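Below, in C-alpha cells: the form predicted on its own, a single chain.
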Amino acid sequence: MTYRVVQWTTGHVGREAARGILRHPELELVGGYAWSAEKEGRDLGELCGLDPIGVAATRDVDRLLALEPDCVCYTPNQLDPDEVARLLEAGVNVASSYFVNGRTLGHGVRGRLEKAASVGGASVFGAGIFPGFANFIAALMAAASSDWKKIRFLESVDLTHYDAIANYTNLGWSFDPDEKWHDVNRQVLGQYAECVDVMADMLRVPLDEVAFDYEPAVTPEERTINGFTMPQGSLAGQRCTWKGMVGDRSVIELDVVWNAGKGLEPEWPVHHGYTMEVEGSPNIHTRVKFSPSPEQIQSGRVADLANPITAMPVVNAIPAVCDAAPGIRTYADLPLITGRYVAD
C-alpha cells in the first residue's frame, strides 16, 4: 500500500524529511506547505535541494487538504495546535517531529487534539531522534534485564556545527543568566518530560511525578557560531534533568547536556551521542553515536547530522501512524517501527 504524504515546511528538518519520503517505497510525496510567502509556488524538490519533482509548495491549506493526503509530515520550528487540530478534524493523520503525547501543552490543548482526532478518525504521533526514537531504545533495553531498578539516559552534544543554533535563544542562549530560564526551559522542553511518560507506559512504571532540574553554563568570552553571537558572560550551554519518580525514588532519568563549544563555565563532558544504562540483573550499558555517510560527505551536509536523524524516525513511522486507531499515539501504542530497505 502507498500512503499519500504532505510535507509541512521545508526547513532544516523538513528538507531531510522530504528526501526520506521520496526514497520510502510505501510513501508518495503529493504536496508541501510553504511557511513563508517567498516559497509559495516553488517546486518542493528545489526547496529541498533536489531536482524538480513537479510538486509545488503552497500556503493554501485547503489546496493541501484537497490532495486527500493520508498523512502530514509535520516538522515546523514549533507546534501550532490550531494547525494540527485542523488537519486531524479533516481526517488527516499527523506524524510530527515536535510532539510526544501533548501532556505539557495543558489539559485544554491536549483535550482539543484528542477531540479533533476523534472527529476526523485520525491519529497524531510524535517522534524525532530525542525526544522520540532514542528514549524508545532505552526502554527496550530493560527487556534484557530482570528486576531492573533504574534507567538512565544521557544526551550530550556540542552544537558548534548545528546550522540552527540561533533557535536556542528561546532557551536563554545569548542572554544574561536569570532564574526565569529555569521555568522557561521546563515549559519549552516539556516534550522531554513526556518522554518519561512514554517510557513509563512502555515499562508499566506507576509514576507519581516527573521532576525537573536546570543548570546553565556561560561563555567566558564572546563567541559566534554559524552567525549567532553569544556575548561574554551570556548563556551558551545547559544541563537539564527529568526524573520519573515512584515515591521518593528516581526510576527513569533523562539527562540532557547541550554546549555551544568548549570552555564554558561550568563545562560538562560531551560524548556526542547517547549513553543509556539499565540498573538491574545484569546491568546494561549502551552507547549510540552517529557519523556521516559517504553521501552526506559528498553532498556537503556532513556538518549537521541532527536534521536527518530527527526527520527519519518521523518518516518511517508514517505507515504505522496511518494504520493506527484514532487519537494521540506514542511508541507505547504502535507496533515496532523499522526503516525500509531501498535498493540503489
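Residue numbers here begin at 1 and follow the sequence given. Values in this document were obtained by computation on a predicted structure and should not be read as measured data.
In what follows, reference is made to the form predicted together with a small molecule, a form of this protein that is not presented.
Interface residue among Leu171, Ala193, Leu105, Ile129, judged by heavy atoms within 4.5 Å of the small molecule in the predicted complex: Ile129. Of the listed positions (Ser146, Thr224, Gln78, Gln232), a single one reaches within 4.5 angstroms of the small molecule by any non-hydrogen atom in the predicted complex, namely Gln78. Interface membership of Thr9, defined by any non-hydrogen atom within 4.5 Å of the small molecule in the predicted complex, is confirmed. Proximity of Ser97 to the small molecule in the predicted complex: non-hydrogen atoms within 4.5 Å are present. Although the partner is absent from this view, Trp35 contacts the small molecule in the predicted complex, with a non-hydrogen atom inside 4.5 angstroms.
Using a 4.5 angstroms threshold between heavy atoms, Asn167 counts as touching the small molecule in the predicted complex. The stretch in contact with the small molecule in the predicted complex, judged by heavy atoms within 4.5 Å, is 35-43, chosen from 22-30, 35-43, 280-288, 60-68.
Annotated contacts: Tyr3, Ser123 and Pro319 are all free of the small molecule in the predicted complex [non-hydrogen atom within 4.5 angstroms].
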